[in-house]
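Form predicted alone, single chain, as structure tokens, below.
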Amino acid sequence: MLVLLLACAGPVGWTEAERTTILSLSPLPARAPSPTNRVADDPAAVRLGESLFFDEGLSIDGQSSCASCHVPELHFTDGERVATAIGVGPRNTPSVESVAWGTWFFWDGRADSAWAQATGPLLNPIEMGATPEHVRARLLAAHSVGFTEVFGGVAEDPTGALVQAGKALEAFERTLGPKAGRFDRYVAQLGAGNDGDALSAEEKRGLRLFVGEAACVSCHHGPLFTDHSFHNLGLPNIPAGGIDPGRARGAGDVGVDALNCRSRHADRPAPSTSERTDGPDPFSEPCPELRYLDPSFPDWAAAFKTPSLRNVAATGPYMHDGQFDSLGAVLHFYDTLPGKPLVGHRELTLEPLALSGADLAALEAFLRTLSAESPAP
């Protein structure tokens, strides 16, 4: 009977449900398309975007580049609680490694493409502080050859030139996908039908908690370990600037963004009009999701995007405002869920985990296996 039960649990002691879930977490899929950026996968645009990414001359003071906050050796984060460039921002710097699979960008989702997002820091007065005119002048002075190769030249309109820069930056960032780690090796071993040695016994215990009792996989699922959605966690600390409305503001901002996927800057055909008399066909218009975004949706008050857990051990501090310095502090928060949200309501699926110290240590050990074995080049 014991032999029979073990056989039903699979070759490494996992239940069939656990095994199916684990196999869904690796490997990374092919990059998703970027339908509003025609040069998103153009090798020349990648080269141009890389040169822009490291160009401090794009900032108004000539001292900050994209790489100042997205440091390659830190998996394109900066290791700081909140972003610091020309000024100090209110939010933590997210990694750009998962750009190629993103759907909404920034912590609040106020941009609907990576190229639109890339223009934001260029103009933000506390990041790079530039104007479209400054950006265009720098592109002409330092990158005209690359822009001629990719776009036929720098656009005459400063906003058009800014958009070109954003699209080249996206092309480069799309090549920065996270690299495989020990967890991915273990999934490959599991897929081959054996209990491999890529993970230790404690790490496997943490994996079992992750997909089972702790239910982390409810929001951190798929090979990117994110649901690409927004949740109010009811975090205990409120920053000095007050309560951040998060997605409740971002949902409204993206709808009126001059660079959203319905704008004239998106490489996408104009909406087609049906033969009906009541206007455009909502099923053939571009980006129909924008039509249904409701900033007043109660679940979006103080809600923020679920980050990818790829390389999570190397990308702290954590949460949208960097209030947790360690993975241990993050796990303690989920274990106890202290306090209550001052605005909106906490994600309804969350309940205190009430795990043992050994269980929390095992979960942390597992999370560390999601890091690549060497930093990004």
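Note that the structure is a prediction, hence the values are computed from the model and not measured. Don't overthink the numbering: it's just position in the shown sequence, from 1.
Keep in mind that the form predicted in complex with a small molecule is missing from the display, and what follows is about it.
Undergrad: Please pick out the stretch from 40-48, 336-344, 319-327, 27-35 that is in contact with the small molecule in the predicted bound form, where contact means heavy atoms within 4.5 Å.
TA: Contact-bearing stretch, as computed: 319-327.
Undergrad: Only one of 139, 122, 163, 254 has a non-hydrogen atom within 4.5 angstroms of the small molecule in the predicted bound form; which is it?
TA: Contact check passes for 122.
Undergrad: By the heavy atom within 4.5 Å rule, which residue out of 171, 259, 135, 128 makes contact with the small molecule in the predicted bound form?
TA: Answer to the contact question: 128.
Undergrad: Is it the case that residue 265, even though its partner is missing from this view, gets within 4.5 Å of the small molecule in the predicted bound form, heavy atoms only?
TA: Because no heavy atom of residue 265 falls inside 4.5 Å of the small molecule in the predicted bound form, the answer is no.
Undergrad: Using the partner position in the predicted bound form, report whether residue 350 sits within 4.5 Å of the small molecule, counting heavy atoms only.
TA: Within the cut-off, so yes.
Undergrad: Using 4.5 Å between non-hydrogen atoms, is residue 110 touching the small molecule in the predicted bound form?
TA: So residue 110 counts as contacting the small molecule.
Undergrad: Within a 4.5 Å heavy atom cut-off, is residue 151 in contact with the small molecule in the predicted bound form?
TA: Although the small molecule is absent here, residue 151 would stay clear of it in the predicted bound form, with no heavy atoms inside 4.5 Å.
Undergrad: Using a 4.5 Å heavy atom cut-off, are 15, 187 and 205 all in contact with the small molecule in the predicted bound form?
TA: Result no, not one residue of the spot touches the small molecule.
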